[in-house]
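There is one chain below, alone, in structure tokens, taken in the form predicted alone.
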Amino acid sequence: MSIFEYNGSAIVAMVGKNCFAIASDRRLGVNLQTVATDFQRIFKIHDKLFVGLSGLGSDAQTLYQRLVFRHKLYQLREERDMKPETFASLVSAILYEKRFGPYFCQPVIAGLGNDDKPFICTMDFIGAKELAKDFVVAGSASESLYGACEALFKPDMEPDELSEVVSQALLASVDRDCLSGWGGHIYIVTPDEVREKILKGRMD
């Protein structure tokens, strides 16, 4: 089994009309044994920027602490929040820096940039970016997430519809992967507000 599947994970980010959603499952496991059912994989960097870290749980928490540290330094120096594109380049650089002893994480970055244009991107564990205009996925359930998102995605969705689509895609996908699941955690981010939702899924 791959080290990326050791703890299991499922993360998806999807864009709507001047908004985006980012969602993850809540299970932390050791192979097939479930250890926790409320594990956090999505982290807030600032009000319009979130990062989801799939892969090894311990590396995800370590990487998150480094990202917060670097973002706070940026805020002190520049006196403004980081744009999503800049943050993606920062994450990529941090991962590539450690390429010979890498963080076993596949990040998903989602944010609102200039003119509240949604930006989403994912990368592999050494920082090779993959940009998308519709959705990005990561984690052990990524194959089924691709299928569900491909089937359900529509361009220019309003926040309420986007929330429903992401919820259905996540729940349908984690049911097809035995290493992720136990409900979901969703953030819907618009220029004015951040909505947080806990989903109940199959508890097995």
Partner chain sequence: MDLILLSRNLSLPKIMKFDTSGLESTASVFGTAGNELVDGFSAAPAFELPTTTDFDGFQKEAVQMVKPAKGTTTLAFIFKDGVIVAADSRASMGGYISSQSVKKIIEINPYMLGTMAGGAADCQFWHRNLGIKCRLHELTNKRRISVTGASKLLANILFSYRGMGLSVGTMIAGWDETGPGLYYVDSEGGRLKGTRFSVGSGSPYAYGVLDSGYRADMSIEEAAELGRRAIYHATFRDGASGGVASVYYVGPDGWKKLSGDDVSELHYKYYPVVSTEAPEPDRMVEA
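Remember, predicted model here, so these are calculated numbers, not experimental data. Positions refer to the first chain, counted from 1.
A second form of this protein, the form predicted in complex with its partner chain, is not displayed here; the remarks below concern that form.
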Although its partner chain is absent from this view, report whether I3 comes within 4.5 Å of it in the predicted complex, heavy atoms only. no
Check K44 for me: does it contact its partner chain in the predicted complex (non-hydrogen atoms, 4.5 angstroms)? no
Would T37 count as touching its partner chain in the predicted complex under a 4.5 Å heavy atom rule? yes
Wondering, does R26 line up within 4.5 Å of its partner chain in the predicted complex on heavy atoms? yes
Is every one of C178, H185 and M203 within 4.5 Å of its partner chain in the predicted complex, counting heavy atoms? yes
Heavy atoms within 4.5 Å of its partner chain in the predicted complex: which of the stretches 60 to 68, 44 to 52, 156 to 164, 131 to 139 has them? 60 to 68
